[in-house]
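The data below hold one chain only, encoded as structure tokens and taken in the form predicted on its own.
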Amino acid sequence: MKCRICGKPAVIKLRAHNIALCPEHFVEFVQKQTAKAIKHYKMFEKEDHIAVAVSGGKDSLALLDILTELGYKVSAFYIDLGIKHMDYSKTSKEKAQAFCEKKGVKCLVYSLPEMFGMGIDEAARKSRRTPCSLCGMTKRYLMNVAARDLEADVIATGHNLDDQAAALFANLMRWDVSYLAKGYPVLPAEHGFPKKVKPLVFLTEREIAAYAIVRGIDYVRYECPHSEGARFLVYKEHLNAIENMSPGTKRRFYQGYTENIWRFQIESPDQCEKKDEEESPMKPCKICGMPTAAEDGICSFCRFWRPDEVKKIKGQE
């Protein structure tokens, strides 16, 4: 198998594009696809400061590598969830910090055990919540804090084509219109929150893994322990089976959706009336100052992670 461009031995065959590429031209392909997605979805400009959420996995570290190679102004942040199983958080943090140091990129660390004395697992047990729901709320909050601390214009995450297509598939299976209305790879800045983007949406998980290997990126090779048995992985398996039969399906599926997302964003008069009734104006949280729509002015993060301060505020009212 030879490289379609230069004729040298190829390291990967991309059936969806009907090409085989050598290491040099494969790296070029991945970087060009990322640049294409950034331009196509108008994610950010060269003068913007990008805060990359690094997890220690292949996707986020590959994204950091690509953006620095493309010449963007980049900083990074890592959220330490304190997951002890298989030393997951410890190993992930070490990989993320080591790679950022190698690339000469500033990396802020937000550690739940250091900030609150416990990780996500212990907090979930005490509150009788699932680790994944608590993790989602916590990471969304700390991502916004990181953008503020880094004075970044945009937050970039390593979600790839497989992630986006699987999420779309899952939401279609449930006909969850509220989520189908906001699956675009760009979330505009609003209510004091920064813009959030997903520059790897034109690349599959396989392509990013190959890129990480070719580029010599040392990343965590196993998924979060809490993802085992997740329904999300089943959707990925089904989409991969379809992709094997018809290469390029995942990309056509997701890109077609982004071109037609407006169909899910059209609201009926009843929906508009209900939305007006439910929406509350955003205001600064009484404890941390981050935007919140909570009627009592205390955001969900502070309500969970800072209960003593919540009691203090309530006692003063």
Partner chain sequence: MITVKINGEERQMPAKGTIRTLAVDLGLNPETVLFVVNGMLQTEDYRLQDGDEVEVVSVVSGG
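Numbering follows the first chain given and starts at 1. Quick caveat: nothing in here was measured; it's all calculated off a predicted structure.
The same protein has a further form, the form predicted together with its partner chain, not shown here; the description that follows concerns it.
S.K.: Which pick from 180, 186, 137, 214 sits with a heavy atom within 4.5 Å of its partner chain in the predicted bound form?
M.R.: That would be 214.
S.K.: Just one of 240, 144, 91, 97 has a heavy atom within 4.5 angstroms of its partner chain in the predicted bound form, so which one?
M.R.: It is 240 that has a heavy atom within 4.5 Å of the partner.
S.K.: In terms of non-hydrogen atoms within 4.5 angstroms, which of the given stretches 119 to 127, 104 to 112, 187 to 195, 215 to 223 touches its partner chain in the predicted bound form?
M.R.: That would be 215 to 223.
S.K.: Can we say 65, 148 and 201 each have a non-hydrogen atom within 4.5 Å of its partner chain in the predicted bound form?
M.R.: Not a single listed residue reaches its partner chain in the predicted bound form, so no.
S.K.: Considering only heavy atoms, tell me if residue 205 and its partner chain come within 4.5 Å of each other in the predicted bound form.
M.R.: Looking in the predicted bound form, residue contacts with its partner chain include residue 205, since a heavy atom lies within 4.5 Å.
S.K.: Is it the case that residue 173, even though its partner is missing from this view, gets within 4.5 Å of its partner chain in the predicted bound form, heavy atoms only?
M.R.: Close contact is absent here: in the predicted bound form, residue 173 is far from its partner chain, nothing within 4.5 Å, heavy atoms only.
S.K.: Would you check, heavy atoms only and a 4.5 Å threshold, whether residue 299 touches its partner chain in the predicted bound form?
M.R.: Judged by the heavy-atom cut-off of 4.5 Å, residue 299 is well away from its partner chain in the predicted bound form.
S.K.: Within 4.5 Å, heavy atoms only: does residue 233 come near its partner chain in the predicted bound form?
M.R.: Although its partner chain is absent here, residue 233 would touch it in the predicted bound form, with heavy atoms inside 4.5 Å.
S.K.: Determine the residues of 1 to 28 with a heavy atom within 4.5 Å of its partner chain in the predicted bound form and present them in sequence order; the list may be empty.
M.R.: Result: 1, 10, 11, 12, 13, 15.
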